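Have a look below at one chain only, the form predicted on its own, in structure tokens format.
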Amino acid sequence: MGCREGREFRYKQVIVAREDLGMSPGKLAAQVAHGSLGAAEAARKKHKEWFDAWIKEGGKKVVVRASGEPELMELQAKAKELKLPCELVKDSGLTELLPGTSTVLAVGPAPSELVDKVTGELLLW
């Protein structure tokens, strides 16, 4: 796959990861993957047209930062208010974190302008 510079994506998924937990790169990658898959499955079930269009465009994903759990919960509430597919990941506690620790929130796939209403102000990871 070549460079997609300048290409406009109408659909995307944004995964918000907590920066306060100090997760190792591998742990962060696993949590982001869990969130991405969960939210994509939610979109496939409830917003199939968004899911299909997102896949057709290449499945754009962006990972951004949240300062901590309160911010993650606020973002989840916004996503639900807008009826966007989302997935809050809670760790099982087998490695680095305590069981039940909220680690990431995935929002979308959905139209980019709707996802931006939830995550548009957050910094890239």
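In this text the structure is predicted, and so the values were computed from the model without any measurement. A residue's number is simply how far along the shown sequence it sits, counting from 1.
The following text describes the form predicted in complex with another copy of the chain, which does not appear among the structures shown.
- Message: Just to confirm, with a 4.5 Å cut-off on non-hydrogen atoms, which of A30, L97, L88, L75 contacts another copy of the chain in the model of the complex?
- Response: Looking at A30, L97, L88, L75 one by one, just A30 meets the 4.5 Å heavy-atom criterion.
- Query: in the model of the complex, do S24, K61 and W125 all reach within 4.5 Å of another copy of the chain through at least one heavy atom apiece?
  - Reply: Verified in the model of the complex; spot residues all in contact, yes.
- Message: So in the model of the complex, is another copy of the chain close enough to H34 to count as touching (4.5 Å, heavy atoms)?
- Response: Answer yes; at least one heavy atom of H34 falls within 4.5 Å of another copy of the chain in the model of the complex.
- Partner proximity in the model of the complex: E41 to another copy of the chain, non-hydrogen atom cutoff 4.5 Å: Because a heavy atom of E41 falls inside 4.5 Å of another copy of the chain in the model of the complex, the answer is yes.
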